[in-house]
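Coming up is one lone chain in structure tokens, specifically the form predicted on its own.
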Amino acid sequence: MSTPWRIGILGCGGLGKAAAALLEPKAEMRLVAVCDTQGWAHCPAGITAADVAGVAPGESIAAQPIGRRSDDPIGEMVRLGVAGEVDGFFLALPNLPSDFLPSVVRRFAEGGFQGVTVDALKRTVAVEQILALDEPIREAGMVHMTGCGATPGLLTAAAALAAQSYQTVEAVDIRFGVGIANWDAYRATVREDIAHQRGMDFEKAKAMSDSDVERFLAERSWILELHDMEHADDVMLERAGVVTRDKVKVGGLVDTKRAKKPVSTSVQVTGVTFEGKRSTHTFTLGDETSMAANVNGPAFGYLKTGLWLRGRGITGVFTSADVMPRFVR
């Protein structure tokens, strides 16, 4: 397959806008299609980051000069993929309820898409639903890369690599820090984090109005503290044979008012070497890298790996702990 690969993004929220900006200087990938809940756009010559950035929170790409309204924007993306107009899609969509994004992946497979899709899913239950689609995805001649953001994703891959020093892995501890200058730019992500708070769940978080969210955050001084999260790093590392899921812990702090990270993001892998020595590897991300950079960069790296696999006739579902991302130039 020749480059630039033609890329579609599902979602025009904070991650979708950042994804468009990340792709703009790339030579190997060209953004040609985007959609949100109300509309879609397709431009073979390329869609600019400014086109996507122009979509205000709560509005649609349909209101932009390149956009069109639709009752089924995701269906339009599937149609473009099946018609051979798009090689790969990044599903930068909220996953509330937890079966929503797996249902989107199923639509691509059942629709006959034979390219590559990638997600940045976080919840274990959602990734397990994706993994259960391996057979229909293989039969469709498609590749799906799941859990390919920051965590799961970048930090999961780092943990899988760090584990190679050990004969036995005893623990994987992921701690993240996220700074968001304006929570409204990442509504879906913040709602998913709120769902992990005491007394909350995903249905309650989804039902919250924007004013409800604002009040919830203000009551906590705009800081969300997260412990023992249901993060798919556990099932992905278990599937890769690194460690049982009960030994994987994920938590962190999210500042929804300030861009500066409240704590550094890191993964610690503790194990015992073949000589009987216990040790801990620590991989820490630079505080200057944003959530958008640490999610979108790996997502497109794994999308490129998916295109590489598909070009060699390999299909099915893969996680960020199964293969390495290939850098998009």
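Note that residue numbering begins at 1 and tracks the sequence as displayed. Only a predicted model underlies this, so the values are computations on that prediction, with no experimental measurement involved.
Omitted from view is the form predicted in complex with a further copy of the same chain, to which the following refers.
a further copy of the same chain contact in the model of the complex: residue 74, any heavy atom under 4.5 Å: No.
Consider residue 166 of the chain shown here, and say whether it contacts a further copy of the same chain in the model of the complex, taking contact as heavy atoms within 4.5 Å. Looking in the model of the complex, residue contacts with a further copy of the same chain include residue 166, since a heavy atom lies within 4.5 Å.
Could you tell me if residue 302 has a non-hydrogen atom within 4.5 Å of a further copy of the same chain in the model of the complex? Residue 302: yes, in contact with a further copy of the same chain in the model of the complex.
Heavy atoms within 4.5 Å of a further copy of the same chain in the model of the complex: does residue 292 have any? So residue 292 counts as contacting a further copy of the same chain.
Within 4.5 angstroms, counting heavy atoms, which one of the listed stretches 154 to 162, 245 to 253, 86 to 94, 139 to 147 is next to a further copy of the same chain in the model of the complex? Within 4.5 Å of the partner lies stretch 154 to 162.
May I ask whether 18, 278 and 325 all come within 4.5 angstroms of a further copy of the same chain in the model of the complex, judged by heavy atoms? Per the other structure, all of 18, 278 and 325 touch a further copy of the same chain.
Given a 4.5 Å distance limit between heavy atoms, list every residue of 112 to 144 close to a further copy of the same chain in the model of the complex, or none if there are none. Going through 112 to 144 in order - heavy atoms within 4.5 Å of a further copy of the same chain in the model of the complex - there are no hits.
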